[in-house]
Each structure stands twice: as structure tokens, then as C-alpha cells.
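The chain below stands alone and is given as C-alpha cells, in the form predicted alone.
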């Protein structure tokens, strides 16, 4: 059979942000689907979002309620979501109660009532909530073959009437092997609600979807006033562009540091700024953002340890205006600190902000705060998730500056507590050193993938102008990177000038 002779299956938008991408473009039209999961995980809300997104006066939705919530009570709560459209009830969306039929009659009578309603209304969408109640009523009265026959006849009738169907039920994972409902279904969507210490994490899995390729694995989702929002575990990677290699370098806002970096940060790089508390990591990050704004490049700051007002006020102490750029669309400060985030959710918010203002620079301040904002289950694979996030963002041309706080060790020079130096293109290390009974600050460029860089260890100060490098390379000391250097020559001795970094060809 040639490609042009194949049946074309239309895809319906689910009404759930992020879910269509995970499904491979949407839900197959006229499919017979199961939404399964424990109480409270969002099954009914998911069905309602699909119903309100697709029901019309010409092809209405038919919602059967079975020994569960009465329709009036269900609508009372569902109308709190923003997707709820009062104009569609009861015209485009109609509710039918099957309680009496279930309690007093057999499966054949249930099937006849459903078919009767479908023939009268000719719906485009049919929902049975909860179908598990029908199965429980049938258990002990009819055999497994009779139950399977009922499900198959129901699926056949609804498909022949060109209706997209959802059966909602509270099932356990073990039932998927033995329950005939799952054999007949075209799509199976399993929702999970997991308590992790003091956090609740919601995940879902597409266990079956005939006719198209979906993204496998567990994906996180959140229920807000807008309903469900899904976050793919491959978010940002499926459609990412190859990283364009350019010769353009971005100024970090400190001329002397730009020289040490060989002319600035290569565009599209991920740079890590590591150091102890008070060494100026956040000050450098705000200078990096302010310099981009000065040059007409929009920026985003994802902050986890300060509120946006505090962040902008601190930048103002260095003479940097981060208030005006927020009003004219050149800067977006995202405050992310709910303590039960997923990395995918964070990345979605950042990607949305990047697209909205066309951002070219991103600051993540800090990685330690980012990790603490995650639900406990997501912290175990923080490094892998961070890899996906950095790859996705640099892949669309965003230059990322991340800060990480380190406990100062006066015997070594660690770069990060996360073993993520391989994820970054460039590393700048801040540290304290003790010289002549005084605690001073030095910095060194540890790594640059985009070319050569200065190997000098430079002293700096944090002033009202931000970070200012003072003097040339620190000479006459041995063991500077340990934080407790030893003087090896008299200050009045002449020392050969330090070599300059070579420019990249």
C-alpha cells in the first residue's frame, strides 16, 4: 500500500497545554480511550478539558455519570477552572445520569441506554465517568467473556457513530494485564499522584496509543486554576536546532574580565560562576544581564533565593537599572520557589519567557536554590535534568550564566558540588584568599571551550560599581588557589610580564 492510499487519522487538540506534543500532535479522532488513576489525580478534569476544547453545537459532547459525583456537584467544581465555558452547557455539552440503569438492570440495558442517547444526540465526544463502577456492578453477575463482549460492542457502536470516547476509572497497575477494557482500548492514559516527603508530585504515562508515536516514559503535570498542564520529559529537545557556531562574543559587563575571557563569552555558551557566599556571583550575574540590555539584548533572570523586588534593588546598589527594562519588555525576572517544582516545569516557564521577549541571555541564580525548589524525587536526577535544560536552551541560541555556591575549602579548588562542569562551556571561579592577615577576593578563568583564555589569577573588589578588577596578575605567591598562599619573593623584585591570551583563529 502506498502512502497516499493510507487512511488519514485526524488529530484532536486535547486542550491541555503540553499534552498534544507528548501525544505526537493530538488525540486520534474516533479513538476509544481509558483515563485511569487513583482518586484526586485529575482524571475528571482532564476529560473536561478535552470536552470543552472539542464540543460544538453541531457535534456535542455526551457525558455519562455513573454512581459517582452528581453532574450538578461536578459542574460546581469544574466551573472554577478557566477552561470552563458556561455557554456550552447544556447545549454543546450534555450530562446523562445512568445510576438507575446500573442499579436496577444488566449490562445489556446499560448498553442500550448509551446507544439510545448517542443516536438521539449524535455526539462527537462521549465520556463515561466512572466506567469502573459499571465493571464492579458486573463482577459476580456476568462472566469475563460477557464483560469483554460488552466492552467490544460499546467500542464498536461508538466508533461507528464517529465519536471519540473516554472511559474514566480508578484502576490499579496490576489490572492492566487482566481487565478486558485495556485490551479493547486504543489509548490508555495513566495518571499518578505521588507523595514525596512534604511534596505531592503528579505524573502521567501514555501506556498505549494506536496509530501514532507518542513520547514514552513518565511526564510531570500540574493542576492550576487553568486545569492540567503537562511537561514532557523531552521538553525542548525534540525540536531543538543544532547549536550555531558563531564568532560573536558577548560582553560580561566587566572590560578587564572580558579580556581574560579572550574578548567575552562566546554566544550560545553555558557559563558557570562558582564561589563561596559573598564573593559576588549574583553581582556578576546582574552585570551580565544589564550589559546585554544596554546592547539591546533581552534577558531573563530565574531567581530562587531572592524575590524580584530584592533582586532589582540590589542591582540598583551597583547603579544598574533593572526596573525600567521590565516595563519595556527587555527583562523578565522569574521567581521560582514553590518547593515542589520539576525541572521540566521550570524549563517550560523559561522557554515561554524566552519566546515572549526574544531573550538572548539567561541567568540561573542559583543552582543550589534551583535544586531546593524541586520536589525530592526530582533532586535525585538533577544533573541529568540540568543537562537537558542547558542543551535545549543553548540549542536555541540562549547564552546561560549559572551561579553555584561552594563551601570554601582551604586545601583545594572545587568547581561545583554537582559534578556538572562537563555540562558547561566556560567556568569562572571566585574565591577568598588570606594574604597578610587580610581576607581578599580573587578570580580565575578555569575553562573556555570557545578558545584560549587568560590563566592569570586576578584580585577584585565589589564596589558601588559592581565587580572591579584591581591590578594585574597576583605575583610573588605560591598556593593562591588553596586560599592560604605563601610569599615566595620580595615585593620589590622585578617579575617578567604575564603572557597575554592568544586570540582564537
Partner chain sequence: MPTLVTSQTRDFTEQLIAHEAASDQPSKKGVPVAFLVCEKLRRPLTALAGAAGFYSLLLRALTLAKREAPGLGTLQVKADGELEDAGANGNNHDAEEGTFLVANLIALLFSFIGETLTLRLITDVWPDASFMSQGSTGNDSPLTTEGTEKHEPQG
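Bear in mind that the values here come from a model prediction, so they are computed numbers and not experimental data. Residue numbers count along the first chain shown, from 1.
Keep in mind the form predicted in complex with the partner chain is missing from the figure; the text below concerns it.
- Shown alone here, residue 75 lies within 4.5 Å of the partner chain in the predicted complex, counting heavy atoms only.
- Of the heavy atoms in residue 159, none are within 4.5 Å of the partner chain in the predicted complex.
- The partner chain is not drawn, but in the predicted complex it has no heavy atom within 4.5 Å of residue 213.
- In the predicted complex, residue 382 stays away from the partner chain, with no heavy atom inside 4.5 Å.
- Stretch 89-97 is the contacting one of 351-359, 327-335, 217-225, 89-97, since its residues have non-hydrogen atoms within 4.5 Å of the partner chain in the predicted complex.
- With the partner removed from view, the residue among 155, 102, 71, 375 that has a non-hydrogen atom within 4.5 Å of the partner chain in the predicted complex turns out to be 71.
- Checking 190, 84, 432, 171 against the partner chain in the predicted complex, a heavy atom within 4.5 Å turns up for just one residue: 84.
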